[in-house]
Ligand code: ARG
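First comes one chain, alone, set out as structure tokens in the form predicted on its own.
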């Protein structure tokens, strides 16, 4: 039998459609859906309405013909036409029990991809000398979830942080710090972030302001002030440009100081990633500097293939379906982010051999990546060494908002840093866990401070991750820790608690038989079983669509179905030993599915809460 009843039904009804309508309908979607109401069966085949419209037939008659030829007698006990042409399907109880037996393995029924591939995920996107902020939170959490899901299915996943470690912004910071005589060995990321802002401000000219001041006769003092500002900004940019040239030429002192900036930045990044439980280290950093010697090759290739043109000294790539060109070299000979991204595509496809490259960057960069991907396609860089077409995709995401539904800020009005968010989340998670542990009846009562703190950290971080991943990624969401750390509702702690509750039930059992027969007698047992049997399909669907919220929604179903099962079907006090063993095994399987699913979202599943 195929992996799941769903797949068996999909294959069987797909064959039935061909048998009834002919080979032209091979590959038609049989539209197998889980029944929304148990009284209508376990599944529905909803293909008849759409196929009837295509063929000019009556849906109910077509549904009846499909029932006549479909080969599901080995797994289904009843098929009936309902409504305008739905086919209600009730599985045999033995089918469900057999499927659960097949699922109850370390893999939990999740089958690996038939053709695993190398996948590169561009995530984090940290810039040297700048604090990580909420945008990095989303890019990191989402990218890590993608990596975990695809790895679960057997892909060879390469997490990459496209570190912003090259170019004029970094040279501005270097120039400022060296001019001020700062000891770079004592710097913190906060110091660097302040220096970055200072350097940007000092290098910012205001030519428009000067022109306006002159035209409005704003007075000699204001005009002189703006002239000084513009002259000073030009001088600083010029000096920083000289610093950059010296760095590019390998000046030992500059390279040493540059590496100090990178080290401070990546040390802070590693600390944040460790708190988040993200499987990424400094070895995953592949910064802009990595590609600097490849940028000329990008330009040479586009010129040699006739894929670009000169525009007032700059070099651009045109596209047939849009007016905006892609700028790959400035008129002064400098390269841009687009040039670096093209070099990265070339490395990831031709050298790494990726079959899929996923860029997790906020939605505002949508047009940029469309242009880069289309340019890479023009260049012929969308095939890996095996000749396979490489899928390039950009996963954009919305903003993290404050209670006022504006981009999240601190109380002082500054952009919230990632470190501050994580510390606050952990603090709130620990407070919640410690408060609950004061109840003498709580499972955590009597645990040590260290143990409670560890659970609280898992709750706080899990709350943040779940709030991010449980929604459609392109949507904005409100960062509300009061709601996020709650043990009730659509939250991470609710799922963590459901898992811990199941582990508690299994621990309290005097014995546990991992080979007990599954006895599916009550509707709640059946409902929980059918939900769990969808796990393989859910993981594959989430991997194909890159939508972690599918897993989050499924885990809520498992938790809610388990609660319904536990309330109506006594487990430890089941009426017979056989039923007790069956229900314990079913509970244990539900707990393992929850733990597996939370793990794919990067969320820890404490055994006690």
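Keep in mind that this is a model prediction, so the values were computed, not measured. Numbering follows the first chain given and starts at 1.
In what follows, reference is made to the form predicted in complex with the ligand, a form of this protein that is not presented.
S.K.: Heavy atoms within 4.5 Å of the ligand in the predicted bound form: which stretch among 498-506, 438-446, 361-369, 311-319?
M.R.: Result of the contact check: 361-369.
S.K.: Which listed residue (109, 353, 164, 241) meets the criterion of a heavy atom within 4.5 Å of the ligand in the predicted bound form?
M.R.: The option sitting close enough to the partner is 164.
S.K.: Find the only residue in 341, 468, 144, 525 having a heavy atom within 4.5 Å of the ligand in the predicted bound form.
M.R.: That would be 341.
S.K.: Taking heavy atoms only, is residue 384 within 4.5 angstroms of the ligand in the predicted bound form?
M.R.: So residue 384 does not count as contacting the ligand.
S.K.: Do residue 337 and the ligand come within 4.5 Å of each other in the predicted bound form, heavy atoms counted?
M.R.: Contact check for residue 337: yes, within 4.5 Å of the ligand in the predicted bound form.
S.K.: Just to confirm, residue 266 within 4.5 Å of the ligand in the predicted bound form by heavy atoms?
M.R.: Heavy-atom contact with the ligand at 4.5 Å: absent for residue 266.
S.K.: Using 4.5 Å between non-hydrogen atoms, is residue 175 touching the ligand in the predicted bound form?
M.R.: Answer no; every heavy atom of residue 175 is more than 4.5 Å from the ligand in the predicted bound form.
S.K.: Across 71-85, which residues bring a heavy atom to within 4.5 Å of the ligand in the predicted bound form?
M.R.: Nothing in the stretch sits within 4.5 Å of the partner.
S.K.: With a shift of at least 3 angstroms, figure out whether the C-alpha spacing between residue 334 and residue 129 grows or shrinks in the predicted bound form: closer or farther?
M.R.: Closer: residue 334 and residue 129 approach by 3 Å or more in the predicted bound form.
S.K.: Distance change of 3 Å or more between the C-alpha atoms of residue 426 and residue 129 in the predicted bound form: closer or farther compared with this structure?
M.R.: Distance between the C-alphas of residue 426 and residue 129: longer in the predicted bound form, by 3 Å or more.
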